[in-house]
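Quick setup: one chain, the form predicted alone, written in structure tokens, and binding and motion questions come after.
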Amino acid sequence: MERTKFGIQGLDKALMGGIPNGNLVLLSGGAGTGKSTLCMQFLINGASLFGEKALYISTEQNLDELHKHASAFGWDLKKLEEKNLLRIIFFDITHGANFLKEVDAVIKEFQPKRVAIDSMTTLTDALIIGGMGEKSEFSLVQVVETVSPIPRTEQIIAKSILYKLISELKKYKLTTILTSELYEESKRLSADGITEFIADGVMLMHYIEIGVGDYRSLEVRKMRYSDYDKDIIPYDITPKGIVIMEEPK
């Protein structure tokens, strides 16, 4: 089986060599867990270590903020962009544009091997409020009509939108990471409580404060078409990015 590597020692080992090519993986975690950092590292390593074109779609941080974020770890996004190995898109949800139309255009033109959408929480909230644009097939009116005569609850509308969105993303057969906020003590694996059932894989990032210190850990909860390490994986956010820590012996 062909796999897409993170390029992070310890993490690829836990994934038996990497994410199965074409899988769509949910990466969930609370504030301070490093979701965006791991997302960016996945793309940067893909471009710089493996020569694979990478597409970063941000719904929260604009281009300047993303470049500033990357520079804190010594990552030169501009250099990879100039080599046409990395493309960064900021999707402003307040403009009501057609998300899938824009994604489709850039994927067909750029032809990436790996994609990250950061974050699904912001995107989903925007879609539930206003659909994917006035003339989009994802408008709320059309979604609601498809679930009639079932009671038209927000959960049903959200599920319909997400199923359609993710099924469209899967058509590209690209290895894709979607980030989602994971609120403290939540029993869900994503902010919407739906994406974890549709995605091919689910990876959870945890952050716990212990006294004056902190502890970060990652676990793989699901990965279709592959086995994976079921153990908790300790990691740290260093000046060079995410690093997997060895368990004390």
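The structure displayed is predicted, hence computed values, not measured ones. Residues carry their position along the shown sequence, with the first being 1.
The same protein has a further form, the form predicted in complex with a small molecule, not shown here; the description that follows concerns it.
Q: Could you tell me which of 66-74, 44-52, 217-225, 194-202 sits within 4.5 Å of the small molecule in the model of the complex, going by non-hydrogen atoms?
A: It is the stretch 66-74.
Q: Might residue 190 be said to contact the small molecule in the model of the complex, defining contact as any heavy atom within 4.5 Å?
A: Answer no; every heavy atom of residue 190 is more than 4.5 Å from the small molecule in the model of the complex.
Q: So in the model of the complex, does any heavy atom of residue 58 sit within 4.5 Å of the small molecule?
A: Residue 58: no contact with the small molecule in the model of the complex.
Q: Considering only heavy atoms, tell me if residue 9 and the small molecule come within 4.5 Å of each other in the model of the complex.
A: Flag for residue 9 set to no.
Q: Although the small molecule is absent from this view, report whether residue 237 comes within 4.5 Å of it in the model of the complex, heavy atoms only.
A: Residue-level check for residue 237: yes, a contact with the small molecule.
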